[in-house]
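Let's start with one chain on its own, the form predicted alone, as structure tokens.
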């Protein structure tokens, strides 16, 4: 047993790392153990007895509250800090406890500034679009800023009145339509926060030899927040990755100076040389384009709220959030928490109906983060076979003709059988 470390910016993973896990609320009790069994089987298949994950349970959510009186005990945060990499099931936000979200709290406290959501289609999984096989995107959602910073003031509260008076009397704001009944929210977008998010997306694209990074923003309306995100993203690509990228901004400059033909030739040469193409798209246009021409986009870099919308839409295009994995990462400190991206579904908790795919695939992302790629591939291959045979849990069963209904445990067993 040993701890994962980060040394000189590089993750050092022992052969038998301790991985803290949060079981989760609701269906967490159904999906956590099956997901662990799948991962254990893949690691055993890939590495025999040479490698093994040592699972260490830590508490959060309802289970933590029952046992400790605290929804997010200090011991849990200490464990994630000590062991660097962990995984969690879905957590229910407690009502009336002064906590906006346990998920957001974990991201904020550990400064997990990247929410990474890869989106791919598995053959056999039902999809609302005609060619789901063309969807292969990797969403980098900024995790710590934007409206999720939680800077809000409720109408009628003294702080809301103070802010309203300051805006009107000190800043000369005259565009608040109904000032006496308005609530207020503040949207911080920083240069540092934008740059580290875009840098992580660029590193990912370069390392995996992916064709493009799309900066998704609403800079046509929010010019100083989302517009700055776009500008800072282009600046970073051109200043720090000049030899590895070609930006649309550079394309426009060549076009204005030398003409369309010269610009298109420069773009073609950049693509042939393997450079990552950096582009930008307005958020609403991207939501439409991702449906009509998903093949135009590979890595997506965007802010917190946009990323929330985008990741759920793209997940729906390939079968739904029930099979969508996710990770919250600080690529500088090495901290990473992988998570099921769906809710707690308390109405089916304990009934063996839940689909464990989101947690399984999130654990596969964890294996990739640890660079245990052979084990990760075993799970991908096994899941491809199981989905193709239409042996699925209840959420997919109702959407698939000729499918066989499996319980949560039986579905995991089916994957394990295909690994072996």
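Everything numeric in this text was worked out from a predicted model, so none of it was measured. Numbering follows the first chain given and starts at 1.
Keep in mind that the form predicted together with a small molecule is missing from the display, and what follows is about it.
Student: 160, 348, 78, 291: which sits within 4.5 Å of the small molecule in the predicted bound form by any heavy atom?
Tutor: When the small molecule is considered in the predicted bound form, the option within 4.5 Å is 348.
Student: Which one of 212, 228, 344, 304 is close to the small molecule in the predicted bound form, taking close to mean a heavy atom within 4.5 Å?
Tutor: Of the listed residues, the single hit is 344.
Student: Taking heavy atoms and a 4.5 Å cut-off, does residue 322 contact the small molecule in the predicted bound form?
Tutor: Because a heavy atom of residue 322 falls inside 4.5 Å of the small molecule in the predicted bound form, the answer is yes.
Student: Within 4.5 Å, heavy atoms only: does residue 32 come near the small molecule in the predicted bound form?
Tutor: Looking in the predicted bound form, residue contacts with the small molecule do not include residue 32, since no heavy atom lies within 4.5 Å.
Student: Please run the contact check for residue 103 against the small molecule in the predicted bound form: heavy atoms, 4.5 angstroms, yes or no?
Tutor: Residue-level check for residue 103: yes, a contact with the small molecule.
Student: Evaluate residue 93 for contact with the small molecule in the predicted bound form, applying a 4.5 angstroms cut-off between non-hydrogen atoms, and reply yes or no.
Tutor: Answer yes; at least one heavy atom of residue 93 falls within 4.5 Å of the small molecule in the predicted bound form.
Student: Have a look at 329-337, 189-197, 219-227, 84-92 and name the one stretch with heavy atoms inside 4.5 Å of the small molecule in the predicted bound form.
Tutor: Selected range: 84-92.
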